[in-house]
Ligand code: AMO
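Below you'll find only one chain, the form predicted on its own, shown as structure tokens.
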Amino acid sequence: MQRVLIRDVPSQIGKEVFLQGWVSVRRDHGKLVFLDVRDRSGSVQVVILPNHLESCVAVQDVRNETIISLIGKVNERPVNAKKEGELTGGVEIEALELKILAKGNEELPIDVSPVELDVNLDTLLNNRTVSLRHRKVQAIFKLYSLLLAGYDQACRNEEFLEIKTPKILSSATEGGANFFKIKYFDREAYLAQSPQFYKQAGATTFERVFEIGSVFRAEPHFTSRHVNEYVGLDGEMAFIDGVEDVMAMLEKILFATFASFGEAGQKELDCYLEHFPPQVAIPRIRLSDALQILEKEYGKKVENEDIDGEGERMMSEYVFKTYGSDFVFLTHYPAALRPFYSMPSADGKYTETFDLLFRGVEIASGGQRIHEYQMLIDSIRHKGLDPVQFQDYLNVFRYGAPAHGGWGLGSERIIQKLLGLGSIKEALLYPRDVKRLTP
């Protein structure tokens, strides 16, 4: 008998079906036993009646999270039962045969049967294999999968070519100290801080490129929005007139990505009572103007012409009240705060760069890049770095390169803010931070 997925069970009323899945919840009511059974497509209620002796014997060893197979008859549930069983639908399976495929050797370390998983973050992550079985936790990664697919398709629709860049490098990408050093045969190497140099090289030959790939940052942060390995959504495009072209493209791709989620994404959002951001034009505000707004509206003074996490939250609040947007581009960061490849503004003090904030957190950084060979050498030296250490990168521009720019999005931060998660670590299957290298 061919297996039927639970999502297709409602179309089989009156018929016998063969199911396989996990028991989410077992409930005993006198001589009746009810099981909420789930597979990758959904959940359904199964009832074991006392007249089905073989199934009654088998169900004695069934506990929450036992993996079973069953053959049963599909019956429509009463109207009142449909309302009570929102998670398991409007049908019920009357078990005719039930077999245990696998069960745990001991009690679960955490109970994943309640609607809300009431455990602290360390417990959630230390028992990740089990916590991933919870419905709301699974919703995170189903939505994350839709995000990756949506971004991929949105980039392709704009004729961006997907590339995969090296993650083991001979030198630190942007200088500084936030890199991981590794042993590479008889020499040292580094884990990529970003695909920056390679995606620029790609844009100078293919015009438009994108990548979905791992990024490593050796930053000793202990915050709710930082991890040391994450998945970046990068894009780079050539033949631009300026940084506005980059922001316009990122806005278009971002909104197309959210639009692609469709009904499936809304179902996962409903688990968290959250909503997709409204698709209104994203405001562009110069960082210097944003700092003035913070001081005027919130009495917050910022030093060094930079903005901290609290300032980002305040600016997002201000923008939502003023423009109705969950996003805001903060533009023209001081040259002292930006990498050497950032295109300087006409005044030389600021750069043609931006950060994109989403519901109070920076999710993207980008801008126009320097594409002229000598200007790039001068900028490297101005940052106190040695151009010789960047010769392979400089060779990209030695023979001419078009004006170009791009961005890097933090995929997990998007999911964190979209679902209102307390920590970005909840949006990673197995997060890596300063203290956590397992599981």
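Residue indices: 1-based, along the sequence shown. Here the structure is a predicted model, which is why all the values come from computation and not from measurement.
Form predicted in complex with this ligand: not shown, discussed below.
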Q. Among R77, R225, H134, K142, which has any heavy atom within 4.5 Å of this ligand in the predicted complex?
A. R225
Q | The single option of S194, S345, N126, S325 touching this ligand in the predicted complex, heavy atom within 4.5 Å | A | S194
Q) Judged by heavy atoms and a 4.5 Å cut-off, are L147, P277 and R359 together in contact with this ligand in the predicted complex? A) no
Q) in the predicted complex, does L409 have a heavy atom within 4.5 Å of this ligand? A) yes
(Q) Test of understanding: in the predicted complex, would L19 fall inside 4.5 Å of this ligand by heavy atoms? (A) no
**Q.** Contact test in the predicted complex: Y341 vs this ligand, heavy atoms, 4.5 Å
**A.** yes
Q: Flag F258 as yes or no: does it have a non-hydrogen atom within 4.5 angstroms of any non-hydrogen atom of this ligand in the predicted complex?
A: no
Q: Within 4.5 Å of this ligand in the predicted complex, counting heavy atoms only, one of 264-272, 286-294, 362-370, 112-120 shows up; tell me which.
A: 362-370
Q.
For the stretch 313-328, I need every residue with any heavy atom inside 4.5 Å of this ligand in the predicted complex, listed N to C.
A. none
